[in-house]
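Read the single chain below, which is given as C-alpha cells and is the form predicted on its own.
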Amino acid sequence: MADLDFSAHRQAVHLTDEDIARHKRFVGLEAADLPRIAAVRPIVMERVDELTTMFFDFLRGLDVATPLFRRGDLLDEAKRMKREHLIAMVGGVYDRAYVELQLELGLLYSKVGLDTRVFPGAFYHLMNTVGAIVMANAGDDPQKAFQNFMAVKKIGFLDIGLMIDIMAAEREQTISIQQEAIRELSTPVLQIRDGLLILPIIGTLDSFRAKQLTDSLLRAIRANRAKMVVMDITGVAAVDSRVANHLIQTVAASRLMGATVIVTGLSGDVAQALVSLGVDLGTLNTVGDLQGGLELAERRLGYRIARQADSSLETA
C-alpha cells in the first residue's frame, strides 16, 4: 500500500460545515432524496467492483490522466478509496466523514498531478453507467426508478464540487510553497567572513519582498552575530517610496541588532528617484560598487588585505 501522509495538507484544505452545507444547497440535495438513494444502494453495492473498474478504465483513456497510471502503488490505493467512495455515495450520510473520504482521494489525485478537468467527464460517465443499471432494474415503475437515479445524480454533482474545491486548494498550497521557496532563493543572506554578511538583491523589489528581505536579514544577523552587512542593489532597476522607506527601516533595525549596513550598487536612476521622492537618505552608508562596499566593511571589521607579490616579477 502506498505510504500517504496528508496530515499537513488537511490543514490547508479545510472545508467548514457551512462549506459542506453550501455544496448540498448548490445541488439541491433534500431530505426527500435520502430514501430514494437508499433504494438504489443494493443495486450499486452488487456492482461496486464493476463500477470501480469502469471508472478507472475511462480515466485510462484520457491523456491527462496518464500520471496516475504510471504509479502502480498510488493507482491501487486510488481504486481502493474509490470503491469506498462508491459505497459511501449511496450510504445516505453526507457529513464531514464523507468529505474526509473525498479529501483523501482528491489529495491522492493531486499528488500525481491529475488534472481537475478529467473529473466532470469521469463523473458523467460514472453517472450514466449507474443510471443505465438503475433503469435496467426499474421493474414496473420506471418513473420511480428515474427519480431514485436523479437523487443519486445529485450526489455525483456534490462530489464534483467537493473534488474541484479540494484539488484547487491543494494546488494553491503547492504554488504558495513554491513561491515562498523562490522568494527565499531570491534574497539570500550569505556569510563571507566572521561578522560580515552580504545581501545581493536582484529583480523587482516590491513591499512584500522588501519585508521578507528584512525578516531574512535580521534572522541572519542574529544567527551569525554579524557586525557588518553589505546590501548590494546593483540588480534593482527601480524602487518606489514605500520600498525605499522600508530599506531605511531595515538599516535602522539592523543597527538596533548591532550591525551596520552598507548599501552598494545604487544606480543613477534609482538615486535620482530617491531624491525626487524626498526619501531621507542621511542614515544610509553608501558605496558605489560591491567591491568598494566589501573593502570598507572589512576595514571596519579590522581585516587587512595584503597583495601577494608576483613571483615572476621578483625573479626578473
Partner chain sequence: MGIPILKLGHVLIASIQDALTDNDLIQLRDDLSSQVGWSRATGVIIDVSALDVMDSFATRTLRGIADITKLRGAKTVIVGIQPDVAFAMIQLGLDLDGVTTGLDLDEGLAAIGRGDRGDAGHG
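Numbering follows the first chain given and starts at 1. Here, rigid core means the biggest group of C-alpha atoms that superpose within 1.5 Å across both forms. Since the model is a prediction, treat every value here as computed from it, not as a measurement.
What follows is about the form predicted in complex with its partner chain, which we do not show.
For a residue to qualify, one of its non-hydrogen atoms must sit within 4.5 Å of its partner chain in the predicted complex; none of M54, R83 and L86 qualifies. Contact with its partner chain in the predicted complex, defined as a heavy atom within 4.5 Å, holds for exactly one of R71, H125, K211, R117, namely K211. The partner is absent here, but in the predicted complex a heavy atom of G258, alone among P42, G28, P67, G258, sits within 4.5 Å of its partner chain. Note on the interface: of 156-164, 228-236, 102-110, 215-223, the segment with non-hydrogen atoms within 4.5 angstroms of its partner chain in the predicted complex is 215-223. Using a 4.5 Å cutoff between non-hydrogen atoms, S267 does not count as a contact of its partner chain in the predicted complex. In the predicted complex, its partner chain sits within 4.5 Å of a heavy atom belonging to A253. In a rigid-core overlay of the protein, R222 has its C-alpha displaced by at least 2 Å between the shown form and the other one. The Cα shift for D73 between the shown form and the other one, taken after rigid core superposition, is smaller than 2 angstroms. Here K154 does not count as shifted, since its C-alpha moves by less than 2 Å between the shown form and the other one after the core is aligned.
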